[in-house]
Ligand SMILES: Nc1ncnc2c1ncn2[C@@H]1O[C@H](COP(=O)(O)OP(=O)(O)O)[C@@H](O)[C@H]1O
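Okay, here we've got a single chain as structure tokens, the form predicted on its own, with questions on binding and movement later.
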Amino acid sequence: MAAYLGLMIGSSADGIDAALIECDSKHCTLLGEHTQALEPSIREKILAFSINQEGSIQMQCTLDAVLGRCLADAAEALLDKIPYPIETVQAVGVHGATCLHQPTDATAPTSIQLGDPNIIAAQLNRPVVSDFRRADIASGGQGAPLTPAFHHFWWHQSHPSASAGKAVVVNIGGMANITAWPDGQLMGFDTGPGNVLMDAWIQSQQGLMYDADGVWAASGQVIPELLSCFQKDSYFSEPWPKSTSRQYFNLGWIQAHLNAQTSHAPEDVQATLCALTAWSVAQAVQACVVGCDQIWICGGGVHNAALMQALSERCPGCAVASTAKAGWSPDAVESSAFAWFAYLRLKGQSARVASVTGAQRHVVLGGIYQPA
């Protein structure tokens, strides 16, 4: 098996996740992982672009170059940590920071990620595969989520004798997405907010980037009428395929709903936002798989004990567990996916995600950037 490296800046924009895998057409093994924090000033610029489209084209281009260097540095840090010789890495799959995701725009459907792959290729002296979403969008798809293809591949290689269709994989990052395969048919979509609303609220109220272990949410009480107000948002009732982003779910979304409510204690709002994420994931599970018995969680949400408990309560009869218990670090699943996508691109193979994204046909994803 050959080695591929994956780099990912998720919608939380709090750091770069890097993973090194070995894979072939049937197997995939995680060799190592690393998370590298982004400087607060860089994160603020990413969020300004992604939420409000703030900043000039010059600022966007500058951020593109800065993130290219940050991504390359994270790759080098991972390889030093293992250690592993960079010369044997076949390619680097990169999902940079999403600054715009509008796949359903009638006149200009697109999705743009920042992190110049040319800079990464030059610094690492390895081929880089990037820009994974737009080929799917050009074929009529949402371009997201893409990782269900890897979730499906990983789960079946880890559980070769398991009964099909009764498990799901849920990634809870900034946004949350579900992967299911009832009757062998791959399906998946963004269920809605993962950590994004909880992060936005605690940052606005306490200046913290996230609610560590869900302690603040656990200190509050769910507000039923506010939760009901949140649940009426049209996104949750839209049919799939569907995907979303920070442009939709953000602090402004929370405040718009709070304006219609009486004042509430901040910790109670946090508890209610936690309940919303658990509810939206649970309703997706129930819609996708009848009799689901396993929910495997990856992404930052796995570290939020309050959220994991709320999800367990919403899904009685389901074992809710971290993918770590199935042999894959929950913090490395998404970055591993983009390493695997790089493998597929070099082989000229499609990830076959049209049933997830709604594309008219399966397409080969990503552009290849060679070192000079």
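Note that residue numbering begins at 1 and tracks the sequence as displayed. This structure is a prediction, so every number in the text was calculated from the model and none was measured.
There is another form of this protein, the form predicted in complex with the ligand, and it is not shown here; the text below is about that form.
A.B. asks: I have Asp14, Asn195 and His303 flagged as a candidate spot, so tell me whether each of them has a non-hydrogen atom within 4.5 Å of the ligand in the model of the complex.
C.D. replies: Yes: each residue has a heavy atom within 4.5 Å of the partner.
A.B. asks: Considering non-hydrogen atoms and a 4.5 Å limit, which listed residue (Tyr210, Trp216, Phe230, Trp181) is close to the ligand in the model of the complex?
C.D. replies: By the 4.5 Å criterion, the partner-contacting residue is Tyr210.
A.B. asks: Sort through Gly173, Pro127, Pro103, Pro241 and report the residue having a heavy atom within 4.5 Å of the ligand in the model of the complex.
C.D. replies: Contact check passes for Gly173.
A.B. asks: At 4.5 Å between heavy atoms, only one of the stretches 5-13, 358-366, 344-352, 18-26 reaches the ligand in the model of the complex; which one is it?
C.D. replies: Stretch 5-13 is the one.
A.B. asks: Given that the partner is absent here, does Asp190 sit within 4.5 Å of the ligand in the model of the complex, heavy atoms only?
C.D. replies: Looking in the model of the complex, residue contacts with the ligand do not include Asp190, since no heavy atom lies within 4.5 Å.
A.B. asks: My question is simply whether Pro117 lines the interface with the ligand in the model of the complex - judged by any non-hydrogen atom within 4.5 Å.
C.D. replies: Contact with the ligand, no.
A.B. asks: Consider Gly141 of the chain shown here, and say whether it contacts the ligand in the model of the complex, taking contact as heavy atoms within 4.5 Å.
C.D. replies: It does not: once the ligand is placed as it appears in the model of the complex, Gly141 has no heavy atom within 4.5 Å of it.
A.B. asks: Using heavy atoms and a 4.5 Å limit, would one call Gly299 a contact residue for the ligand in the model of the complex?
C.D. replies: Yes, Gly299 sits close enough to the ligand in the model of the complex that at least one of its heavy atoms falls within 4.5 Å.
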